[in-house]
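Structure 1 and structure 2 below are two forms of the same protein chain, each written out on its own as structure tokens.
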Structure 1
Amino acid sequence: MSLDFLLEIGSEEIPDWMIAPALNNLQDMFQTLLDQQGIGGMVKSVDATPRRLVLRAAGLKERQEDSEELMLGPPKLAGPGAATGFAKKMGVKPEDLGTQTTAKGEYFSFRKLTVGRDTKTILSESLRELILKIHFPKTMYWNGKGSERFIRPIRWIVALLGDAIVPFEIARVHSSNHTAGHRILGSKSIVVTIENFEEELLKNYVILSANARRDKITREVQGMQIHHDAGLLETLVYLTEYPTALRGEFDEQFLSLPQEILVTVMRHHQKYFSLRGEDGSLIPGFVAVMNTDGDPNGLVKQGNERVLRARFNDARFFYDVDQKKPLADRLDDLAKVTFQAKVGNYLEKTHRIVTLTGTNASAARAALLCKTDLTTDMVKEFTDLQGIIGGLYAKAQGEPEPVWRAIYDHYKPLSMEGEIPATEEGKLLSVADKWDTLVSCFNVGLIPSGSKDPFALRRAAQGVVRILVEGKLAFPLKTDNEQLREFMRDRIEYYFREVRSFKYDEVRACMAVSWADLLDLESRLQRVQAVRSTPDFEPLAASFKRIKNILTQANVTAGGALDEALLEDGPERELHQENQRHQGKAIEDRIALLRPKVDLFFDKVLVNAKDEAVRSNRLKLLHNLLTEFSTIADFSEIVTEKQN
């Protein structure tokens, strides 16, 4: 008979963003346990609310199979003394031993029978450790020093195998068949079976399935003109056991505040969906998701509206206070804002960014003002809006559009997929700011290593690369810092490989020539990518690899003028003449023309000629050929079919 299994770990509220990874981890570990113990069964589902992680499995055996193992003892020749020792080791009497004949002779033996263990016993012994092993980013203890650690205190455990409770204990909590309902609407102690578990939870206002909670929210907000926000939806799904959407309003007068501020307050501070009209502009309303079944007397709506009003009033207050001191007057205050303890303050950083913006007057003005919003009350309150606030204030204070837009955009791109600044000044300012961050951090030894990157330097570098390439911005990445050069090299390689999907050997080949100018690099990459599919390319690339090896072995590092007289008639001279004939044509066009000559050369000509002068001349020929072809890429870096 096969058995179903149910595990529920009842906890105090688990942070929403940790729940899905924890469930995956639980599922993997439990399946591994089933497999390793040979007790059959498959995990059927995992699900969770903030207060419970639940796993279901089916098809478990009642016990492991019995197994028999033939144990060989000492040779029979060793005599009864040895047999007694072996019998003792096996835990039996000498007369219980048998004998076994092998190629080496006759041996004492014993058929050891291992009785399969009870699945319930195995689970009972394993679950405590398994649960405590679930990975969470930050754990706590609650029963005193040295006691069990989990993400939050465990308050109950349901563990059922068929109809039976699988007994174990964690942190003074004993597994049972008692669960708990919704904190406010449900019962505190509910007896459940595997069959009625979800149903009982639902009666007690717990929707166990995240999908069902998501569907409920999605259904209820239909027609409310919400601004779709998948991240916020997930947060709300895992913040609630019984979600119910609630529509609220706010006073139209707040629409005069910048939309960015209103949205941030709603989204990040209050976890509300904002509402948008047909034209995309904000509507004076919001949708909150409650963790309860309704708001019959309108108190929740009233409460949320008051909180939002207070927040918006705060924002208005910050806005008005901030305007009393224009951004331009805040420059000196930046001396008191730390950029990084080892590097210095934001005033110093500002001056460096201004210098990096060069001759572009609008960008330089934007650079001068771009960090001043760090001293405003608004940014102190809404740190996510740094830059955006600066841009909006600059606009309100009469700075021209190229200036305020550059400030507004200068933290972009915020992610790998995020958009880059829209204007030339914005791109320049963004790159100048990020490049300064990279240079100054590297110069004081703040260098990312492994998973450690506290100043998000990888993101800064990635932003620089994306803006230079996708924004077609010319900005020299000049540095004497070898580690930073290496770091940028890696980032550039990563970008073209992972983001732009160029093949890694193409990226390497093109970067081997140069990566000082990323636009040039991009165009060379495109050329190599295009020519790669032509039939003559890879064989030629293989030949170049061969040339390179030959030159390396012969220690040839420079070419020079050929002595045509020394060229041997036939393949060598033909190769030279063919090459001469097509000088000036694009590399792409020369490949097909040259390939037969190169092949023939390697087929017929011995590079290591006996005559020193001929050999040297020949090596020069090869060197010149390689150099000419290496203007767009070092083709010897291309991994050819044969090598693969």
Structure 2
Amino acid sequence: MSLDFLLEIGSEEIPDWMIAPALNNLQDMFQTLLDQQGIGGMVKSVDATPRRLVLRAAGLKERQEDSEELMLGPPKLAGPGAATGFAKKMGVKPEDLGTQTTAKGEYFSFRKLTVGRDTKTILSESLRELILKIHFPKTMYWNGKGSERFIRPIRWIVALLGDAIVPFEIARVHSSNHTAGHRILGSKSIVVTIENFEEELLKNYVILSANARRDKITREVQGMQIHHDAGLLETLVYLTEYPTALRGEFDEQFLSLPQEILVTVMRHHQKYFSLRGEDGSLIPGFVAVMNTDGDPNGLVKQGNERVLRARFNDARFFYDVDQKKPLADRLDDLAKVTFQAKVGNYLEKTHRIVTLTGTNASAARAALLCKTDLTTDMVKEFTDLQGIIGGLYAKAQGEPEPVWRAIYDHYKPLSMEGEIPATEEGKLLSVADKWDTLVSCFNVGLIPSGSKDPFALRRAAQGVVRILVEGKLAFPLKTDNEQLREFMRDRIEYYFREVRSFKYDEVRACMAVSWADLLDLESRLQRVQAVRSTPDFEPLAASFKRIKNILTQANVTAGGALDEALLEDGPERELHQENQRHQGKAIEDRIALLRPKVDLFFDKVLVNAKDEAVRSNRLKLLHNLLTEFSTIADFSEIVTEKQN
């Protein structure tokens, strides 16, 4: 008979962004427990609201299978005393022992029977530790220092195996068959079974399924002219147990503020969807998502409008005050703003960025001003607007478009999928800023390790790579820091392999030649990718691998001018002449032309000739050939069918 299992961990509200990773971790750990204990079953689903993590599994056995293990004791020649000691260790009498013949002789043995334990007992002993091991970025004590830690205080636990409660306890909270409904609308104690669990929660205004909550929000905002925001929608899904959409309004006078400020206040601070007209411009309204079933008296609507009005008034005040001091006059204030304690302040960083922008005057001007918005009241209050505010203020203060647009975009891309800056000046400024951050941090030993990356250096490096390649920007990645070089090499390899989908051996082959110029690297990768499907490519790649091995074994590290008089008529001279004939042609075009001559050379010519001069000349021929072809890629890195 197989059993279903239900686990619910009820707690105070968990931060929305921590929920999905915690569910994945819980699922993996519980499946590992089932597999290691041999009690069968598979996790069917995991789901969550802000106040609960829920796991369902099916197909669990009632108990483990009994097992028998052959235990070998001392050699039979060791005598009765050894047998008695072994029997005592096994918990039996000497006459209960058997013997087992092995390649080394005959040994005392005993077949040890292990009776399988029941699943309920196994889970009872394991679940406490498993729950407390769920990974969260931060955890807390709630029963005093030294007690259990979890992301938030645990308030109830449901643990059911079939119809039975699996008993255990965490911080004086005992597992049971009692759950809790919505904090305001539902009952504080609800008796549930595995079968009626979700139904009973829904009766108490808890929609357990994240997909169902997402669908409810999506249905209710239809026709409300909201600006589509997948990230905000996902946040609201995990902030609510019973979401209900509500439309509100704000005074049109606030539309005189830049829309970026209004949207940031609505999205980041109030978790509201902004509304757009048919032309894409903001209209004076918003959509909030309540964690309740309605607002019959309009009190929630009025409260949200009042809070938003106060926020917008603050923003307008900050905007007006900030305009009294132009960005250029704020430059010296950056000396008081720390970039990083070991590295220095933002004024020092600004001067380094200006230098990195080179001779591009607009980019240099943008670099000089790009961090000054950190001293504004607006950015101090709404930190998400850094860079954007600098661009808007620069525009309002009469800076040329290439300058203010570069400042506006210089934090881009904000993610792997995010947009890169739109202008040449913006691309250059963004790369200069990110590259300075990377060099500065690595030079003082601030290097990402494991999952720790407090200065987002991986994102900065990936942004540099994306802008240089996708933005077609020439920028020298110069550094004497070997750790930074390896770090960038890894990021570049990851980008071309995982983002651009080049095969891993193609990436390694091309990067083995060089990778400092990413536009050149991309071009060579495209050429190798294009020629790889031709019938001559892999055989010639295998030949180059053979050439490299021959040269390595012969300790040949340099070529040189051939002595044509030492070339043997036939395949050797024909290979040399064919190669000379096609000098200047693209490497990919020469592959098909040279492949037959290379094959014939290895079939007919002995490289390690007895005559030392002939042998040396042949090694030069191979080295020169390998060097010429290695301008595009190290073809010996290509994995061929013979290797597979």
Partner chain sequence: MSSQTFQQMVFQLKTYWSDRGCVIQEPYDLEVGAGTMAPETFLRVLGPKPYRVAYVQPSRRPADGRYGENPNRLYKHQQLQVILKPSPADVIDQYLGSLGAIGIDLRQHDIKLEEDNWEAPTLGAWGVGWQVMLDGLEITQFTYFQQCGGIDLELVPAEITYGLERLAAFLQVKDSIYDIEWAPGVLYRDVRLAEEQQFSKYNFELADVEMLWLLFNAHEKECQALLKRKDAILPAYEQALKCSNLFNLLDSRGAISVTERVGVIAHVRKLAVGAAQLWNAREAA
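All residue numbers here refer to structure 1's sequence, counted from 1. On a predicted model such as this, the values are computed, not experimentally measured, just so you know. Basically, rigid core = biggest C-alpha set you can superpose within 1.5 Å across the two forms.
Taken from the form predicted on its own is structure 2; the remaining one is not. Once both forms are fitted on their rigid core, the CA atom of residue 608 lies less than 2 Å apart between structure 1 and structure 2. Shown in the overlay between structure 1 and structure 2, fitted on the rigid core, is a CA shift at residue 261 smaller than 2 Å.
In the core-superposed comparison between structure 1 and structure 2, the C-alpha atom of residue 132 has shifted by at least 2 angstroms.
Here the rigid core is superposed, and residue 191 then shows its C-alpha moved by 4.7 angstrom between structure 1 and structure 2. After superposition on the rigid core, the Cα atom of residue 18 is displaced by 3.4 Å between structure 1 and structure 2.
Core fit done between structure 1 and structure 2; CA of residue 95 shifted by 13.5 Å.
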